[in-house]
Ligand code: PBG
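Okay, so here's just one chain, in structure tokens, the form predicted on its own.
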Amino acid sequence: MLARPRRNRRSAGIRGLIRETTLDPAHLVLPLFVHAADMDQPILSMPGCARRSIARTVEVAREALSLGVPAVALFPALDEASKDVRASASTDADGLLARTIRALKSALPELVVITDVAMDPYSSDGHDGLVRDGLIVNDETLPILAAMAVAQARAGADIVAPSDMMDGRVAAIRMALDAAGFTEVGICSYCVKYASAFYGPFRQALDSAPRSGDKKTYQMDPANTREAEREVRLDESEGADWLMVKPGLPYLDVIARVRSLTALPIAAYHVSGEYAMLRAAAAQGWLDYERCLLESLLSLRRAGADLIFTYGAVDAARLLRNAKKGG
């Protein structure tokens, strides 16, 4: 008897009934860049994205939430005068990030606000850790990161997300949050973060590229997968609530491997370079941006991601909503 798998593909109704993987706006997180200026500053390498004022950030977050996107991830763009070697501005209770968090939680209390914990947006060295004699010093960085996380929680952050890749930072942040009374604030650890070339547009957006050297002594080697298992075990044992794999599409195998290792929720970051490639190819007429965006995000879900950080979150949510209405 001839096997006919095509019988299960012959109509939209049948395909929908047996679909193995779903993509919904509820799976998405919208990263947002905020700055102190009143006007939007478009990011040329990331069409559709901009550095925005606090008021405009609230507007964009409101639109995302209305489309079913439940969370935003905040990244502050500071001027050079505000940066120093110890990232002092990161704990300023009246600083740009703290004011943005308070504005979002006041206007949209149901919105999940996720904040980045790393020194690079605030550091005059542009590194994720403290630099001494040209070296990134791990243990002296941990109290800085812990204080940063507490300041973000105090401003109203729901989830703090250490992206620095310093050893032991999840434990240090968890202990600091608990000691300050923020036992309900979660930690999304950038657990498996690679030293990737796909971060270029993001670093342009925040002007956060290292002023010297690179990040290869703390971010993971793109050649490695077994190393991811060690990072997962450590961050899970230190108290992480979610685990992040970054970037996304070039590391689908890693997402699948991490999924097999843990019961914790897994986040994947559809990073700036991945988003920019789709936009650039679409601008040339080489790809259909909308279809490729949804296919890219679905592949991250299929690999095992529970949630996805993507600059295309609003676009994807609108497409998914319209498809549901059409169905």
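Numbers for residues come from their place in the sequence shown, where the first is 1. As the structure is a computational prediction, the values presented were derived from the model and not from experiment.
Missing here is the form predicted in complex with this ligand; even so, the following discussion is about that form.
Asks: Identify which of 266, 271, 293, 49 has a heavy atom within 4.5 Å of this ligand in the predicted complex; exactly one of them does.
Replies: Flagged contact: 271.
Asks: Looking at 87, 118, 157, 192 here, can you tell me which has any non-hydrogen atom within 4.5 angstroms of this ligand in the predicted complex?
Replies: The option sitting close enough to the partner is 118.
Asks: At the 4.5 Å heavy atom threshold, is residue 235 in contact with this ligand in the predicted complex?
Replies: So residue 235 does not count as contacting this ligand.
Asks: Consider residue 242 of the chain shown here, and say whether it contacts this ligand in the predicted complex, taking contact as heavy atoms within 4.5 Å.
Replies: No, residue 242 stays farther than 4.5 Å from this ligand in the predicted complex.
Asks: I'd like to know whether residue 99 contacts this ligand in the predicted complex, with contact meaning heavy atoms within 4.5 angstroms.
Replies: Contact with this ligand, no.
Asks: Just to confirm, residue 174 within 4.5 Å of this ligand in the predicted complex by heavy atoms?
Replies: So residue 174 does not count as contacting this ligand.
Asks: Within 4.5 Å of this ligand in the predicted complex, counting heavy atoms only, one of 213 to 221, 251 to 259, 137 to 145, 107 to 115 shows up; tell me which.
Replies: Single hit among the candidates: 213 to 221.
Asks: Using a 4.5 Å heavy atom cutoff, which residues in 193 to 227 contact this ligand in the predicted complex? It's fine if the answer is none.
Replies: The stretch 193 to 227, when checked against this ligand in the predicted complex, contributes 193, 198, 199, 202, 203, 215, 219 at the 4.5 Å heavy-atom cut-off.
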